[in-house]
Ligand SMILES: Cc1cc2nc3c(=O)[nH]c(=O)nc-3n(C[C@H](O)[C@H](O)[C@H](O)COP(=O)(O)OP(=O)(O)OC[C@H]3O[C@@H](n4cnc5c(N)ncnc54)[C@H](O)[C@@H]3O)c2cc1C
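Just the one chain here, the form predicted alone, laid out as structure tokens.
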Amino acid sequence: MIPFDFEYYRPETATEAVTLYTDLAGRGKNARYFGGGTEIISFCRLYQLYPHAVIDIKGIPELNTFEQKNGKLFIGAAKTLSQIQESNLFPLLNYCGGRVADHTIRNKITLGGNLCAMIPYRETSLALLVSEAELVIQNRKGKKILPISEIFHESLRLEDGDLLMGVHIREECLGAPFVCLKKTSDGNVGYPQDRVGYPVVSVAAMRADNKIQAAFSGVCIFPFRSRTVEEVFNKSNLPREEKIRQAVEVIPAAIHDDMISSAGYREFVLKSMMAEILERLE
């Protein structure tokens, strides 16, 4: 049970949702967009989040659609991870999202909720980073479409009141060769979609335009795609072992050390996963 009162709204359009948010903010009220609600409910119960109002976006039709046209797949931000997995439209995203929490929770967690999460792993971002997805955003001025590389830096950097409506993925990325690996603290590692829990290391890699593209979560305190790491991976004149050594040296921040895993063990797992990426995608 949430131990305090708040206002609840359920708009029918994205424009209405953004207008509501703006109006509430103008009255000094802290509002939150509400999709699956798993994170909001959990943090409210722990007294770590106190919204004055929630704006339920699940009823907005555009946020609940899959659509393929003009060479792109659109996935609405209110689609749950289970719905994305069952659709099998983008296999790499299926794997990245299909190992977040358990099946019951994935029935509630939405794509937008995972991308905007306060919990730092945001594993669906890995598939979108390597596929160079575009994000569709509604704000007070209207709708805009931005490459994920422009707006995702450690986390999704939305402006106050912006509503993530969904993502576009180029059709050529949907069937591209990929590797998706995740190791959890209980020792699980591999491809099966029953590998759940917070990652020691989670990685998604794709071969596109004849080059390896890779993104990582769990390694640092934020998920990332590093062009510098990719440059090392794609050097044709380096032995595989040297590529791994150099790639680890240029990751964008210190390897994380926490109660889930020591930094030393994370580095060991990271090197093992890099070796598998290179073996399968070179």
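A residue's number is simply how far along the shown sequence it sits, counting from 1. Model, not experiment: these values are computed from the prediction.
Just so it is clear, the following notes concern the form predicted in complex with the named molecule, a form of the same protein that is not shown.
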Revision key, fill the gap. Picking from A208, L174, A117, I151, the single residue whose non-hydrogen atoms come within 4.5 angstroms of the named molecule in the predicted complex is A117
**Study point:** Interface membership of F34, the named molecule in the predicted complex, 4.5 Å heavy atom rule
**Key:** yes
Exercise for review: May I ask you to check whether V219 falls inside a 4.5 Å heavy atom distance of the named molecule in the predicted complex?
Suggested key: no
Check your understanding: With the cut-off set at 4.5 Å between non-hydrogen atoms, does F74 touch the named molecule in the predicted complex?
Key -> no
Review point. Would L89 show up as a contact with the named molecule in the predicted complex if we use heavy atoms at 4.5 Å?
Key: no
Point to revise | Candidate stretches 208-216, 140-148, 102-110, 127-135, one within 4.5 Å of the named molecule in the predicted complex by heavy atom | key: 102-110
Exercise for review: Counting only non-hydrogen atoms and a 4.5 Å cut-off, give the residues of 158-175 close to the named molecule in the predicted complex.
Suggested key: L158, D162, L163, L164
